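Just the one chain here, the form predicted on its own, laid out as structure tokens.
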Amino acid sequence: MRAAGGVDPARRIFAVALVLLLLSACAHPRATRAAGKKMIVLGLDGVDPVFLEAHWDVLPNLNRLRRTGDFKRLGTTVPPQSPVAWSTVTTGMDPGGHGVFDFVHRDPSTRAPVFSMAETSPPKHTLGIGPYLIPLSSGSVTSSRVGRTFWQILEDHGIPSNVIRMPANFPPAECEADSLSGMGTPDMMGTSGTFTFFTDDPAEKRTTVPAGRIVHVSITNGRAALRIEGPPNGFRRDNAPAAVEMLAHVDPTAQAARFDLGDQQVVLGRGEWSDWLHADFRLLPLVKSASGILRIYLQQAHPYLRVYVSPVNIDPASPELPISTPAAFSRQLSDALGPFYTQGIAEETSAYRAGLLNKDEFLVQSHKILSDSLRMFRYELARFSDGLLFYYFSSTDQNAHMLWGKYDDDLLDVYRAVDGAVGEAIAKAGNDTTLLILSDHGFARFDRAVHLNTWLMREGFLSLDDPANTGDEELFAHVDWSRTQAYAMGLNGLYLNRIGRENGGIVADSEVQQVKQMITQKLLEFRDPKNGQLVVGKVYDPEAVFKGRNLRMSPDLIVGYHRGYRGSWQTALGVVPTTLIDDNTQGWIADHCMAADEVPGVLLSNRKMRLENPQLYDVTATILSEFGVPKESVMLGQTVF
């Protein structure tokens, strides 16, 4: 029997049901395409295989994965620096593909250092009114990394992802996934983290230290005004930083002080930290302000006031820069968890290096960051139900830099805390979810600091205007470029002074390979004058070792030091000191910026792995493979399973 118009009712019902099914699939593609597929990936920065093997007995959850699943060393990148390595995990490409080669790149036209992970552009059109410039168009912040992320590719196939604190992902890759940017996220000053230390101690003569300001204050009638700088005011012609004033009321008899910031008051005793305080920085009179958050630490009130103020973090509840996708996700996290560190590398290693915080004070601060991270991890783990969850922990890396080989019990406390998080992930994964744990590199002692520009000078590859002009001036202050073939910047990079690329370059294209070979040979013969040990284990030519050809910002050679050696802090900023190699006497006692095979990472899973020598880009291929998604043509690697 047919209804009027000749349509069979059974067919009509079937057609309507089919349409509803298709509409349902279109309305919920993520849940549909990912049904039955779940994966948890934890990134534990800097976890070292040798340290793990020495402490399996007190790391029960990682040890359980080793015994019931699998554990392997994981090949790292050249060079083994975190932004380089995590960019490889993100894109599945080597540095020659994604274009990140160091924490610091250089502008070849000026040889000035540039941040490797993001670029900022001011508004193109402005209107000047007195001291102010009113933008008529938007400025922008863009990632320097090339390539699509694995979670963008998963999204193309309808698979949901939560990607929390992925390094070198500022601003976060555009997608619908819930993501929060990690390493590379600046503070409100636009730096990687600039703290302020206030004191009236006359013995403190410094005004600046690496990544910090020391501000000398006067106390009158028990009160001191503490000026806290925030973002550069892009509305002003001079780009002067906006600032807020915090008043410190010092107790005349007790080791305590009250701090007033806006309508907030906090009383701290000696050795106490505040909770998060909000700071509103006025950019335009009565119109525009920018919100940030900060914490303060009262080191002492008497006999001299000593107050540490953290870098002003982007407020996740009201971010002035993009730190999450969707944009409202950081507010969702803040509503659920309260304020949290948004600065990409928040552990206060710089104040510790400068001697302004001691080891115990550093540990208290770094454990606050770990506590923040564990709280967020548990929130994300509890709401995870489908697709992929990636979560990153920085604490294992930043604490290792300050504790490795000297304070192993303190470092083990950090490993234990992260091992607890691994246990929670194991429980959540159960039998139906793949769990993968990885680190981007391992660790080694950093005992001797190599001044690579000084070595280049002594070997005749770099010349000064006067040989006596060695010293601590940055940015190649006295280099004679008309007689210089090579220079070093960053922690592993060495560049040729090439005609047509560098301003005033002298090395012709026809001479490049010859100069590279001469430098390489001499570096591999370079011995420490103090002990006769070889300093350099490998010298890498990016043209030969990278499969990707995106080498615009690449060094011409990458220096892989032996364990115990690293490029000096001065080398990273274009300094030519008098000495060739110095003992490392700073609090930063360990590192990984050396030959890649000296510092492999780790890979653990709740499943057996067939790949014998996995590399970082294999992790990316594995994630895509688990969801049946083919890797893109530019990607390297294969699944480990």
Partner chain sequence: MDTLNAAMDFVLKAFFGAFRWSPGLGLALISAAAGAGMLWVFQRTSDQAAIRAVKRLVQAHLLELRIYRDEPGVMWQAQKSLVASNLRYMGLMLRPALIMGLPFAILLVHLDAFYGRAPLRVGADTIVTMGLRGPAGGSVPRLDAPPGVAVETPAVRVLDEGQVSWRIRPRTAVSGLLRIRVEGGAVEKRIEAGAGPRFVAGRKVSSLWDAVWHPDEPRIAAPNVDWVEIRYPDARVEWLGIRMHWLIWFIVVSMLAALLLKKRFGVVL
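Remember, it's a predicted structure, so these values are computed and weren't measured experimentally. Residue numbers count along the first chain shown, from 1.
A second form of this protein, the form predicted together with its partner chain, is not displayed here; the remarks below concern that form.
S.K.: Is the gap between residue 249 and its partner chain in the predicted bound form 4.5 Å or less for some heavy atom pair?
M.R.: Yes.
S.K.: Within a 4.5 Å heavy atom cut-off, is residue 469 in contact with its partner chain in the predicted bound form?
M.R.: Contact with its partner chain, no.
S.K.: So, residue 483 and its partner chain: in the predicted bound form, are they within 4.5 Å at any heavy atom pair?
M.R.: No.
S.K.: Tell me, yes or no, whether residue 360 is in contact with its partner chain in the predicted bound form, where a contact means a heavy atom of each within 4.5 Å.
M.R.: Close contact is absent here: in the predicted bound form, residue 360 is far from its partner chain, nothing within 4.5 Å, heavy atoms only.
S.K.: Among the candidate stretches 449-457, 218-226, 557-565, 536-544, which one is within 4.5 Å of its partner chain in the predicted bound form when only heavy atoms are counted?
M.R.: Among the listed stretches, the partner-contacting one is 218-226.
S.K.: Scan 318, 265, 191, 517 and let me know which has any heavy atom within 4.5 Å of its partner chain in the predicted bound form.
M.R.: Checking each option against its partner chain in the predicted bound form, the one that comes within 4.5 Å is 265.
S.K.: Can you work out which of 531, 207, 253, 431 has a heavy atom no more than 4.5 Å from its partner chain in the predicted bound form?
M.R.: When its partner chain is considered in the predicted bound form, the option within 4.5 Å is 253.
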